[in-house]
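Presented below, as structure tokens, is a lone chain in the form predicted alone.
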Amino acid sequence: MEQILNILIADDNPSDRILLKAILSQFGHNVISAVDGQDAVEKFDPDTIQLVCLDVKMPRKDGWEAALEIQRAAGDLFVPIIFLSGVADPIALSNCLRIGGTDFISKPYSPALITAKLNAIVRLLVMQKTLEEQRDAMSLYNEQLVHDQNVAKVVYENITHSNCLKDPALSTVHYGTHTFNGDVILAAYKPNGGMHLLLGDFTGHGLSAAIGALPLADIFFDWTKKGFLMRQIIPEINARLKSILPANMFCSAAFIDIKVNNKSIDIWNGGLPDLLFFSQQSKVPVRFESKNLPLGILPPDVFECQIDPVTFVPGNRLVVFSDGVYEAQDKSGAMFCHSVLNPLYEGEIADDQALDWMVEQLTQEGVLENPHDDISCLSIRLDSNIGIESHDHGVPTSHHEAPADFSFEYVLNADSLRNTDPLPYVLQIITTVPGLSSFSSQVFMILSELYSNALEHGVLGLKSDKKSSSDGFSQYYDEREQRLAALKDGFVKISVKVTSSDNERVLALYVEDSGSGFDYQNVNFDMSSSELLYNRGLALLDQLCHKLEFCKGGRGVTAYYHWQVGQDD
């Protein structure tokens, strides 16, 4: 800043005014003179005047009155005001400072004293100018930061909110401590019915915590849409987070796979509080504790999925919540998990009121007024219709479908059966057929049912009647994993053929296994007559397909699926 100032001086005494102007001009400053307070107010320009010197006693408008009007005209600008006085009254001088004066100069004027005071004023103005520049820079930086956060938030919400959270079976509660929430709740319909859900809690808060949710959500939605299984998606998410997150960052999460075909759910808990399963069989909810490390900690070669399977009947409910609830503190300083949540764990709270009850407790204990952690809760009313009628796949129907005729065959030996799931890849090829992508949900359901039957009953020799109880259901899948891990021989062959005729298209799915077959002639295809938890797959296929054909003693089956050009699903 230049030390040459534009100075406005006001004094009704001509000799004093001329003398002061001469002294200030001698130092090189630009001086504008006013004959009294009113004249000073009229000549004050906040854009050019950097210092004002006012005599205290002047006609028309004294120095104090003029100072107040000049300060109002200056607004947010800092313009120092120095009062000029020939009196030594302490009250009068203190009044100069009280109304905002920076200093005062006593008459008669001393050039040495004026020089010292002007140097102090210059230093003050330089400091003020520096502060204003820093303030403006901070303001610009803050505006840019808010803009960047808004853009990032839109991208974040576009990715993480590709949800089916509005499904009537779901209820959620979400409170964030920052613009970005380190918690995430994801839900996606599966191609074959049912739903995948994930409640995740990243370490930390705000934008840094939310960044990890982007790859997590991307994999979750993309892989679910393609038909990958929960036990395939979780390791992929873990590997991705492990590769990109810093060492001190991870995601505690619960992954739930709702399987409507056999009315069961698979639960994977990695570091979240116990999931609560409410059923009519017990007043106290079943707790599913964490059996896995959070996502993003273990390298892929040592990562394992410990999954809890459980059967359900319509109306059962699963409740999940993050550490923001579990570790919240009540007014006495006790953690919720040791005090407030006990009635919920002991079954004293109705399952359909669990979320409302938790919000009420968080409010009463003052947690929501000043949350120290992001808070997320999820309640799932389990039902066999979840995802069945979904139109969430977003694939437009083509009314100008080109005819297609092709076939391919896919044979999986024991090694392939142990280590791969062919269904997402087969489905991707099938849905390249013009118009068939609109029916990917039904096609995937047919394909997955045929493949599961071939693998589990044909190759592995498992019996469905083991799934007649909740315990048996869990034992069935434990035995499935054991037999699959020990599999040395066997195969499953998948043949796909698409034919076109006029406006009608036919998809023929043939699946053959190396098992011993079964008595297909006595299969009951009436789904409404069965109350069992199992043996509903073939009845479902019979409803979805135009025709089912068995061969080779039940080791092979062909499912014919018809659709027409321009037909909507």
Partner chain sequence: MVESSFDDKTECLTISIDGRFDYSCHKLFKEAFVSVNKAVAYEIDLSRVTYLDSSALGMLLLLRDHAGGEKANVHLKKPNGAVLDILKIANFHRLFEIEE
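What you are looking at is a predicted structure, and each value in this text was computed from that prediction instead of being measured. Positions refer to the first chain, counted from 1.
The protein also exists as the form predicted together with its partner chain; that form is not presented, and the subsequent description refers to it.
Peer 1: Can you pick the stretch from 254 to 262, 491 to 499, 144 to 152, 323 to 331 whose heavy atoms fall within 4.5 Å of its partner chain in the predicted bound form?
Peer 2: Contact-bearing stretch, as computed: 323 to 331.
Peer 1: Tell me, which of 441, 292, 224, 361 has a heavy atom within 4.5 angstroms of its partner chain in the predicted bound form?
Peer 2: Going through each option in turn, the one that passes is 292.
Peer 1: Identify, from the list 388, 211, 93, 297, the residue with a heavy atom within 4.5 Å of its partner chain in the predicted bound form.
Peer 2: Only one option qualifies, and that one is 297.
Peer 1: Would you please decide whether residue 431 lies within 4.5 angstroms of its partner chain in the predicted bound form, comparing each non-hydrogen atom pair?
Peer 2: Outside the cut-off, so no.
Peer 1: Any chance residue 272 has a heavy atom within 4.5 Å of its partner chain in the predicted bound form?
Peer 2: Answer yes; at least one heavy atom of residue 272 falls within 4.5 Å of its partner chain in the predicted bound form.
Peer 1: State yes or no: in the predicted bound form, is some non-hydrogen atom of residue 85 no more than 4.5 angstroms from a non-hydrogen atom of its partner chain?
Peer 2: Looking in the predicted bound form, residue contacts with its partner chain do not include residue 85, since no heavy atom lies within 4.5 Å.
Peer 1: May I ask you to state whether residue 247 is within 4.5 Å of its partner chain in the predicted bound form, using heavy atom distances?
Peer 2: Although its partner chain is absent here, residue 247 would touch it in the predicted bound form, with heavy atoms inside 4.5 Å.
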